[in-house]
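As a starting point, one isolated chain is supplied in structure tokens, in the form predicted on its own.
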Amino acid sequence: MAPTRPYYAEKGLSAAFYDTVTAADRRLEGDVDVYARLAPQGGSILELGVGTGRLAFALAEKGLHVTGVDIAPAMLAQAQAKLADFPSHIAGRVELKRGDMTAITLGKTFDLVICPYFTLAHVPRGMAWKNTFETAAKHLKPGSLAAFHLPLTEIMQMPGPADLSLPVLDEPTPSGGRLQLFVLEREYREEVGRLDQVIEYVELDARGGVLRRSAERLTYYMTEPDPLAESSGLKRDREPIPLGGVGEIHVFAKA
């Protein structure tokens, strides 16, 4: 069996087909508008975990200025390539940087910091979460907001599919083939708030033949965010905003 790669690794398929998967995920619908409403008109946003730029470019189209940070070169390369596809007045509102959200210092502040699509849950709870909250706090203007999209614990606790031979996603690819996702393993450890999954990506050609396949480990961590946020200078601003039935957007204000 081929080795299991980390999610979004350079030679994996999760990064290559990130846009295919997110476009098919109805549970993300409405997140662009949620984040846009949290920022002042024409304001500046720091996005921690910009990925391929799905949100950054959508927010730029709404007149917002977005600095996107990501640690994965494979994801940033796709975002960078998209710059050429947008009119200059939109592309000019997006700046992309490689960096670690738990440690980066940009030397400027923003009207809003966002950490979307479970990005915070990708790093271990505890110091990594606290450091990310501190990154948000030091890059926020006084009184401004930070928004973190986190998974629901009850969804993390759910068992995997009953039939592992059936794909949990089957979508057309830009090349005319199909992408299928299979959950090979799923285990939730309640004592540490950790969900481990091994997801196999299978790329098929137009005739159904396998072109590539990649088994990749996706781990999510979850804990109560408020104490770590408060210790970093952030205070809860409102009740969590439900999104898609599987997660909530937690909004904090800089004191």
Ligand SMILES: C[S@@+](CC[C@H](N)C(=O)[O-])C[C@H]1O[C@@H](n2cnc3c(N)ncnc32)[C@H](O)[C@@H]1O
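Note that the coordinates shown come from a computational prediction; the quantities given were computed from them, not determined experimentally. All residue numbers are counted from 1 along the displayed sequence.
Just so you know, the form predicted together with this ligand exists too; it's not on screen, but the next bit is about it.
**Student:** Among 137, 152, 181, 71, which has at least one heavy atom within 4.5 Å of this ligand in the model of the complex?
**Tutor:** Flagged contact: 71.
**Student:** Specify the contacting stretch among 138-146, 94-102, 173-181, 158-166, defined as having any heavy atom within 4.5 Å of this ligand in the model of the complex.
**Tutor:** One stretch meets the cut-off, namely 94-102.
**Student:** Is this ligand in the model of the complex close enough to 32, 66 and 133 that every residue in that trio has a heavy atom within 4.5 angstroms of it?
**Tutor:** None of them does, since no heavy atom lies within 4.5 Å of the partner.
**Student:** Do residue 129 and this ligand come within 4.5 Å of each other in the model of the complex, heavy atoms counted?
**Tutor:** Although this ligand is absent here, residue 129 would stay clear of it in the model of the complex, with no heavy atoms inside 4.5 Å.
**Student:** I'd like to check something about residue 229: if you look in the model of the complex, is any of its heavy atoms closer than or equal to 4.5 Å to a heavy atom of this ligand?
**Tutor:** Result no; residue 229 lies far from this ligand in the model of the complex.
**Student:** With a 4.5 Å heavy atom cut-off, would you call residue 125 a contact of this ligand in the model of the complex?
**Tutor:** Because no heavy atom of residue 125 falls inside 4.5 Å of this ligand in the model of the complex, the answer is no.
**Student:** Answer yes if any heavy atom of residue 222 is within 4.5 Å of a heavy atom of this ligand in the model of the complex; otherwise answer no.
**Tutor:** Close contact is absent here: in the model of the complex, residue 222 is far from this ligand, nothing within 4.5 Å, heavy atoms only.
**Student:** Are there residues in 31-49 with a heavy atom within 4.5 Å of this ligand in the model of the complex, and which are they, in order?
**Tutor:** Going through 31-49 in order - heavy atoms within 4.5 Å of this ligand in the model of the complex - the hits are 47, 49.
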